[in-house]
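Read the single chain below, which is given as structure tokens and is the form predicted on its own.
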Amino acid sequence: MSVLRPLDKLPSLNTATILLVGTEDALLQQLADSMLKEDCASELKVHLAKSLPLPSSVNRPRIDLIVFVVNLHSKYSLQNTEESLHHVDASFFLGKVCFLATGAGRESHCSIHRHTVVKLAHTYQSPLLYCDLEVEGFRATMAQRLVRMLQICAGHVPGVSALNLLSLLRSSEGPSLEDL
């Protein structure tokens, strides 16, 4: 059980691996299934974890993208994400980590304010995506987006790197945290 590093394993030929980290098993599995249905030129591998660190005894491939799924209806989900972030090497935050907030559609049921998640993403200089994973259409659209991000992070899109993607996603965000 150690810190997860982006280059601690050799890449597999034409394989892209994503790690979905979150407390909502059913939603993560549905998102993973939607991603596996997407047409992808690479072999797509999706790994699920409730939290980090990952067990060191498990033989796993190199992870190209980590997605921390935060359910805005659960304070435990945010706490779990914050604790898991301590087990990720700083170099992963150079475009290979993103946050996915789910449950924002029903704000009256939220136990975590959106600003808290925005601040978390800003602290780690990582993109924040919103999606209600309980709605199949939204989940399918998010699966497409994550597969495309994964292909870029795995180096399977010529001319675009994870850092390019990060700068594009950062420039497309709204006002900075200081402007809010």
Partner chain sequence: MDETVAEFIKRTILKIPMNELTTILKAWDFLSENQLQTVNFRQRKESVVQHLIHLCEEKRASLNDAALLDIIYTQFHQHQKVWDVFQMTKGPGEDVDLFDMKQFKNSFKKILQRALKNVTVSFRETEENAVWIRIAWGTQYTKPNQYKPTYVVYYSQTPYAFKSSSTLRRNTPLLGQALTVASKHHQIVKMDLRSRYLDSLKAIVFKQYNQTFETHNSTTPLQERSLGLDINMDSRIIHENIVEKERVQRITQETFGDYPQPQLEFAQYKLETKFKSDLNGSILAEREEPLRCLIKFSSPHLLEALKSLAPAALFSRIQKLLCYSASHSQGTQDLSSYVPLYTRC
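Positions refer to the first chain, counted from 1. All of these numbers come straight from a predicted model, not from anything done at the bench.
Below, we refer to the form predicted together with its partner chain, which is not included among the displayed structures.
Mapping the unseen interface onto this chain, Ser74 counts among the residues with a heavy atom inside 4.5 Å of its partner chain in the predicted complex. At the 4.5 Å threshold, heavy atoms of Ala49 reach its partner chain in the predicted complex. Heavy atoms of Leu36 reach within 4.5 Å of its partner chain in the predicted complex, making it an interface residue. Taking the partner from elsewhere, Pro55 is found to have a heavy atom lying within 4.5 Å of its partner chain in the predicted complex. For its partner chain in the predicted complex, the listed stretch (140-148, 113-121, 27-35, 126-134) containing residues with heavy atoms inside 4.5 Å is 27-35.
Not one of Arg5, Leu65 and Leu85 is positioned with any heavy atom within 4.5 Å of its partner chain in the predicted complex. In sequence order, Leu19, Thr23, Asp25 are the residues of 3-26 having a heavy atom within 4.5 Å of its partner chain in the predicted complex; the partner itself is omitted from this view.
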